[in-house]
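Okay, so here's just one chain, in structure tokens, the form predicted alone.
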């Protein structure tokens, strides 16, 4: 073969390689753009539905109008400067003041128009001002109110979910090795206890450990007044954290272990696992290479959903334990019809969920070679 032929073949191979790279990048770009558009549409629909539900289709506006009229009527009636007005004059004054206040709050516009404006503000993360709630510093900015309640929720949910995730993985692996043992049968028998929510167990834990034994506090985040010494503050925080964390672990622990144990058993019965055992590979190697590796995408998905669930908090549980987090904030906002706060919490959760779902496809491609991102418009095996 001549030198010219060799050079020509090398050029053709390089050209084919460049075309393949361009094709891969083009496919990846089309897939990413399609996924982003679909997720954006999903987020828009979800946020708009949240706005409609939080406002009860505009009924909350009527409640606010009634509250404004009542407040102004009482103020005018009790104001001595208006005592000499006739009934008609007083009624006209009240109507004028109500119209001014409704115009200031934008209640003079139809809810359909206001809902679109709410949606635009939500998508641009312009969370606005709360209607009734305030932060501990006195601010009514929704952003500051949420940021103030975020650390307690991250602490509570992070500690509980981290313990639950790690314990469940290792306990499920141990049960999959000892299928049919007394511990395995015990987990199967106790699995239905996962149907009860965390606050249900929390009530009994408070009754036993706080009410009867008086070993732990009833609720709150720290003692009142808070200890000034950092060590004493940390000890107080841990004591207040034990019961809510234990309630969350008890509510989901056994069922999560059972689910993972079943999942690991399915993969441990595959032919390639039997082949590895026949070769005499250690159990640890078999678990890491042939059981955990195929389940890694599912484990990553579960861990990613746990990460974004940390942000939401547990509404009833935080209320039961008087924990000053986002769950309790959401509960108070619902009771007060504080729509901006409700929508603000839902907006950030929707964005976190959409980003997580978008990134998971690419993570799957990294950890599982069977997954091909962008093939025929999707992530496929």
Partner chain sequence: MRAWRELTEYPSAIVGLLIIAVVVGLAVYTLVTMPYGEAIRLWRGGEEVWQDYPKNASPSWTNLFRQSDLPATVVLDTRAGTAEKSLDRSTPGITDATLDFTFDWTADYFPQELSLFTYASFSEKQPFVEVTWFTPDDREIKVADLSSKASDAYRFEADASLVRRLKGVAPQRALLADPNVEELTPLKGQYRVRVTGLFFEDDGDLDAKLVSYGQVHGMAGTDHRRRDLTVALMWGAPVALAFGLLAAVGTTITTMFIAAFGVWFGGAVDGLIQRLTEVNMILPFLPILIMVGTFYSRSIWVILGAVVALGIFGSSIKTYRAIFLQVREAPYIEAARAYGARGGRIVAQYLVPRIIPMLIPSLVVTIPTYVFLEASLAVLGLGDPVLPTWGKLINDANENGALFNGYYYWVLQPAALLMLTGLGFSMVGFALDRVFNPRLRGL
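Numbering follows the first chain given and starts at 1. We call the rigid core whatever largest set of C-alpha positions still superposes within 1.5 Å between the two forms. These figures come from a predicted structure and were not determined experimentally.
From this point on, the text means the form predicted in complex with the partner chain, which you will not see here.
The contact residue chosen from 207, 237, 85, 116 relative to the partner chain in the predicted complex is 207, the criterion being a non-hydrogen atom within 4.5 angstroms.
Between the partner chain and the residues 105, 188, 216, 93, the one pair within 4.5 Å by heavy atoms in the predicted complex involves 188. Taking non-hydrogen atoms only, residue 342 approaches the partner chain to within 4.5 angstroms in the predicted complex. Heavy atoms of residue 211 reach within 4.5 Å of the partner chain in the predicted complex, making it an interface residue.
For residue 36, no non-hydrogen atom is located within 4.5 Å of the partner chain in the predicted complex, even though that partner is not displayed.
The closest heavy atom approach of residue 149 to the partner chain in the predicted complex falls outside 4.5 Å.
With the partner left out here, the partner chain still marks one of 272 to 280, 226 to 234, 259 to 267, 116 to 124 in the predicted complex; by a 4.5 Å heavy atom cut-off that stretch is 259 to 267. The candidate site formed by 46, 50 and 255 is fully in contact with the partner chain in the predicted complex, as each residue has a non-hydrogen atom within 4.5 angstroms of it.
Contacts of stretch 110 to 139 with the partner chain in the predicted complex, defined by any heavy atom lying within 4.5 Å, are made by none of its residues.
Once both forms are overlaid on the rigid core, the distance between the two CA positions of residue 305 between the shown form and the other one is 2 angstroms or more. Superposed on the core, the two forms differ at residue 339: its CA moves 2 Å or more between the shown form and the other one. Positional change of residue 34 between the shown form and the other one reaches 2 Å or more at the C-alpha, relative to the superposed core.
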